[in-house]
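Next comes just one chain, in structure tokens: the form predicted alone.
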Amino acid sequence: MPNIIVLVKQVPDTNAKILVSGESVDLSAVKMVMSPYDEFALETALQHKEAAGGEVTALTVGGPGAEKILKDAKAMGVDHIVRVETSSSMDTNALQTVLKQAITNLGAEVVYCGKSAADTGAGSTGPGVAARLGWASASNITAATFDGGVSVMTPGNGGNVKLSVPLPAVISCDKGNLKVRKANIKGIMQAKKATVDVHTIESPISTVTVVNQSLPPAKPAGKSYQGGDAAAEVAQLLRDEANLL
């Protein structure tokens, strides 16, 4: 029976209004949630457990504030919740090094994660961790089956490709046709009492740092046209400015 890990990350709510104070983003009043693609990874991990047995551990890296998303994962049905303590930001190398060590310590055989995080959108965690572990990797999967192994569906040229993934492996998940389950009352009550297992792992020094952050320039006001007399001008703008014709 597989030992399954799902990586989850706390990010700002995608509907939140982002404000920049000075040269950094002010998140003091922003609601923090589990990164949406991680929810699909969590659902896939739970389906793997239901099909093949084993246990699922939700793993995150962050400070005590990140424990909320672990409790959310517990309410949905994971068996264990683990947080690697850190109070500082990490670059990609440092984060993936820490995740690699945590996964090794936990003895995982398969790791699921979102295809990218909602805050950075880099999409490097799954392949990067797989490379550090020396494991197989499958990215952007939209479906998975667990009949005697792990088979996944992933986009290919002109359609979808079905792959048989040898374990151990790191698999990053896209939305596809997955419907993420909702936590029930029993799960929510159990999650409130659950204890987060906190680990400390030494990380390499981050060599990439954020110099400053700023919002993109405001978009110019839109233009409105009415009547057939404006058709020629609209066509010209679509061709010359929007590059649509």
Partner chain sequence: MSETIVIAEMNNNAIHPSTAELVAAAGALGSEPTLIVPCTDASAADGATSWNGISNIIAAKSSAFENYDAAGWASALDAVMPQGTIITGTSPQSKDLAARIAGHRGMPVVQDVVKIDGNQVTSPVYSGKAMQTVSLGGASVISVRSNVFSPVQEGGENNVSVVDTTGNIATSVQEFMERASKRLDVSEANIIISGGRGMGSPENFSHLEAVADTIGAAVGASRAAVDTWEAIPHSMQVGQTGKTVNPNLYIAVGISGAIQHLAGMRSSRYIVAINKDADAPIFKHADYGIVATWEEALPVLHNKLQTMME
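From a predicted model like this one, the values you see are computed outputs, not experimental measurements. Here, rigid core means the biggest group of C-alpha atoms that superpose within 1.5 Å across both forms. Residue numbers count along the first chain shown, from 1.
FYI, the form predicted in complex with its partner chain isn't displayed, but the following is about it.
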### Query
Looking at the partner-bound form in the model of the complex, is G227 within 4.5 Å of its partner chain by any heavy atom?
yes
### Message
Please determine whether R132 contacts its partner chain in the model of the complex, using a 4.5 Å cut-off between heavy atoms.
### Response
yes
### Distance check, S137 to its partner chain in the model of the complex, heavy atom within 4.5 Å
yes
### Task
Find out whether any non-hydrogen atom of G128 is located within 4.5 angstroms of its partner chain in the model of the complex, and reply yes or no.
yes
### Query
its partner chain isn't shown here, but in the model of the complex which of K31, K193, K186, K219 has a heavy atom within 4.5 Å of it?
K219
### Message
Tell me which stretch of 193-201, 50-58, 66-74, 210-218 has a heavy atom within 4.5 angstroms of its partner chain in the model of the complex.
### Response
210-218
### Query
Superposing on the rigid core, does the Cα of G228 end up 2 Å or more away between the shown form and the other one?
yes
